[in-house]
Each structure stands twice: as C-alpha cells, then as structure tokens.
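So this first bit is one chain, no partners, the form predicted alone, shown in structure tokens.
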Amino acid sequence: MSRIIACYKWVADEADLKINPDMSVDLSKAKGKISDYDKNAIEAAVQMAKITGDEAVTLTYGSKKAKLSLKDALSRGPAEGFWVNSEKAEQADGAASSKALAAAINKIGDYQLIICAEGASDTFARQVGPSVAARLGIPCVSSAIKLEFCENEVKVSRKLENGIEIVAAQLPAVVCILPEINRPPIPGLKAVLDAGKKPTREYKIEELGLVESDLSARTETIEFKAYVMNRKNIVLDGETAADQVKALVGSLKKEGII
C-alpha cells in the first residue's frame, strides 16, 4: 500500500500573542497548534486516500514541543504520524525545513503523493513544498484547489489571478494546496480517543543521514513587529442613504481605489 503524506507545521497560536507598548510581539506565553492551512493539507490527504485506497500519514519537523501535535494530527484521520525531532526546528527556515522533510520522506518510502499547504499560517513563505519536491527530484504543482487521480498522474486545478489552470503531474509528486480546497472538520471525541492508539514514529536527524549543521537556517529573524494600520477617519456626510453612498464612492475614487 502506497502512502499519501501530509506535511504540517506546529506554530504559535496567534490568539495567545501579546503586543508590547513598543509594538514588539510577545510569544512567550503562546500555545502551539497545527498551522490552520496545514489542516487543509491533512484533510486533503485523508480524502484522497479514501478514493485511492492508499494510506494517509502525516509528517512534521519540529522541536520537542511538536510532539503535542501528533495526537491532534492523527485525530483528523491519518493512519500514522511521523515526526523529525530537532531543536534546530525552532529557528528553521524553508531551506532547513525542506531538507529535514525530504530526508524523512526518503526514509518513510513507498509514497505517491505529498501534500503541503501553500504556506504556513505563521510565515506563509511558500517555500517548503517546492523545495521538498526539488530535493526529491519530483514534480511540484502549487495553488491547488482540486485534486484528481488519473492512472499514474495527479490532475490539479490551480487557482490563478485570471482563471483556473488544469495541469497533470506524473506521480510521485508534491502538491501545494490552497485553503479553498476543503473545510477540515473538528475531530470528535471518538476520533481523539482513537488517535491515541495510532502508531507514531520519531526520527532523530542522525537516522536520516543528517547532522546538526545540515539544518542551519540560511535566514535569520531579527524581530517581530505588530502591524499598525493608520485610519483616516473620514466622515461621510449626507441626508439620505443615497447621498452617503455617493459620498463614499466619490471618496474611494479620490483615493484611487476604484
């Protein structure tokens, strides 16, 4: 039985972020969660596995904190969870993450499709999926909103700015999906309890033929700053709703928005 591998990232929950007076972001008390977009990737893998008869599994690269993600990931339907454990993941960029994931995928073996989100909900750098494909030497299709299997190919509908493009990629392949592809359900109590009985496999980087220096980031995050929006507080006058709408349209035209 071949595998469909859903890659995901364990990120800080933005609901727990605090903004300091100097607009710096305090992550010290933020709990972790599976990246929202990666939940779509897990759901897509589960749905495709039901169609093809393959086995859906999950894969993450993270520090010891990421161990908390395994049960949540498996409660969403996959049969097995894989985890590359390294403290280097705390500072990893797309290059380092893709190297760890590609090495793990080679170790897992017997796969025909790897599904990634278009980007993670913390950085949305859109680098990992294409980089994994490049390291594995297989095709990559991005911006996917629909997947179909056709013999030895995967047919992908891609959402572009001016329309939908349909392409076919020979398997095995990496597909990066957009959140429009599905609506991941909230796992029920039975699914959560069953997740604790499913197998998980932890990889140390040495098992993957890597050393710590292989996973050094090529980029450095200097600081996080909160986004500030300066509002113009324009008051639209008008005795009637029609007058107010006319004033709004006029203001938008003046700003060059319409």
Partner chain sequence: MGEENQFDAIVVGAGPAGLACSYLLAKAGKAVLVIERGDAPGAKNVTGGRIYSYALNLLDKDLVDDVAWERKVSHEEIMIINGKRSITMDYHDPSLTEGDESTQSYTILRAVFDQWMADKAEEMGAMVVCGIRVDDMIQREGKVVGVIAGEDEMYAEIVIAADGVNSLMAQKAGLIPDIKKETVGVGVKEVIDLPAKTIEERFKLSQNEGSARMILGCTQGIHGGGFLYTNRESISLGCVFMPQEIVQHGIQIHDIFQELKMHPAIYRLIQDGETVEYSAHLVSEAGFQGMPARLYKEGLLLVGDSAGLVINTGYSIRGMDLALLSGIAAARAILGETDLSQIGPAYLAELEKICLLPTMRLSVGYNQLLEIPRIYSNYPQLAIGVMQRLYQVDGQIPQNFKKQVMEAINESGLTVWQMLKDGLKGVRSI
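Predicted, not measured: the structure shown is a model, and the values here were computed from it. Residue numbers count along the first chain shown, from 1.
As for the form predicted in complex with the partner chain, it is not shown, yet the points below apply to it.
A.B. asks: Of the residues Ile51, Ala226, Leu27, Leu193, which one places a heavy atom within 4.5 Å of the partner chain in the model of the complex?
C.D. replies: Checking each option against the partner chain in the model of the complex, the one that comes within 4.5 Å is Leu193.
A.B. asks: For the interface check, one of 155-163, 98-106, 127-135, 184-192 should have non-hydrogen atoms within 4.5 Å of the partner chain in the model of the complex; which one?
C.D. replies: So the stretch in question is 184-192.
A.B. asks: Is Lys197 close enough to touch the partner chain in the model of the complex, meaning at least one heavy atom pair within 4.5 Å?
C.D. replies: Lys197: yes, in contact with the partner chain in the model of the complex.
A.B. asks: Should Lys18 be classed as touching the partner chain in the model of the complex when contacts are defined as heavy atoms within 4.5 Å?
C.D. replies: Lys18 belongs to the contact set for the partner chain.
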